[in-house]
Ligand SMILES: C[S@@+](CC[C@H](N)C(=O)[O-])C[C@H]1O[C@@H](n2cnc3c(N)ncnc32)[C@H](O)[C@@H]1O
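What follows is one chain in structure tokens, specifically the form predicted alone.
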Amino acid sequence: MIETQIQKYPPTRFMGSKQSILPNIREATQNLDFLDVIDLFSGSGVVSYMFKAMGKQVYSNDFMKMNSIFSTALIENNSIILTDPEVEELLHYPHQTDGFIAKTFNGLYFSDEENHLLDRVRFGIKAVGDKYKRAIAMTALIRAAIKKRPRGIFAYTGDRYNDGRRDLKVSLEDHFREAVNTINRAVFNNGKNNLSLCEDAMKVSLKAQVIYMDPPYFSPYSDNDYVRRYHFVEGLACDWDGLDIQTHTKTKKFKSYPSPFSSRNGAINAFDILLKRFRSSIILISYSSNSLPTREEMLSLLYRYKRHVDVISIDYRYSFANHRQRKTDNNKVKEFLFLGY
């Protein structure tokens, strides 16, 4: 039953998604006695969804607006769906828009027709009264934009990576319809009052019996700048409100959000702060063997605040092109789960 529900989560191509190691995370936690959990860096939301399917009260947090919208639609929301007539109304929103996407991103990522569609739907979403219907619609629009984009990212312009796959042939309208249907099927009630947050993880003040951390990995072999890859859809989620678009850049990105996980020392210090804050909770951390701090450094940090630490090692290969290839094939790594209690 739990596995069937987990499999309903919309499949993701997002950088850093833990969809492929969900069985390992579930196995690591299934014998723990806990009622609630904070997913501190929720990303795609797939781990939060797994915990929801396990019947836990879930607090799903991420500093990116688009990710918090995902968790509003599928973690916090227990029953609301978006109907077919509501979908068509959004796709054919009859009122004038500001044309912001069509003007700002002309010729960069999508056709003129697709840009106007994005403007139309985002304006329609603003007019939707229900919080969860808005979240479903925006999640679907973001998923549609990512699926329609070669490689699913916005760190380059044009379509030179178009390999002819189905997703690139399907219209943006149909991607939106398909995404809404997929999200609707994934909505369920686990009987808990779950919550979606959009906060700096370093400032989250909630408490829970289990804290799951999957922060951006600092690695000498890659960067962990999610905003650079997803700036367009993050801007879409924010409606570019308060974002300073760097008009001199080819991609028209905005300045990346500050993160302590952008350097080795910053990551070590951030982990220490978080481990100290949540020292009364069971702590589960996902981390990679090619990232810093090292396995030994992570153990040393955990033992400052936990008497027992288990390490689960998982063979893993990054399929997303965010790791520079060297002779050592650095996308073939160990994924570690550190369990402190």
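Just so you know, these numbers come straight off a predicted model, no measurement behind them. Residue indices: 1-based, along the sequence shown.
There is another form of the same protein, the form predicted together with the ligand; it is not shown, and what comes next is about it.
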**Prompt:** With the partner removed from view, which of 303 to 311, 276 to 284, 56 to 64, 27 to 35 is the stretch that lies within 4.5 Å of the ligand in the predicted complex, judged by heavy atom distances?
**Reply:** 56 to 64
**Complete:** Only hit among F218, Y226, F232, F176 for heavy atom within 4.5 Å of the ligand in the predicted complex is Y226
**Item:** Exercise: V47 in contact with the ligand in the predicted complex, heavy atom 4.5 Å
**Value:** yes
**Item:** Heavy atom of M298 within 4.5 Å of the ligand in the predicted complex
**Value:** no
**Message:** Test of understanding: in the predicted complex, would S259 fall inside 4.5 Å of the ligand by heavy atoms?
**Reply:** yes
**Asked** Does D200 reach the ligand in the predicted complex, with heavy atoms at most 4.5 Å apart?
**Response** yes
**Prompt:** Can you name the residues of 276 to 291 that have a heavy atom within 4.5 Å of the ligand in the predicted complex?
**Reply:** none
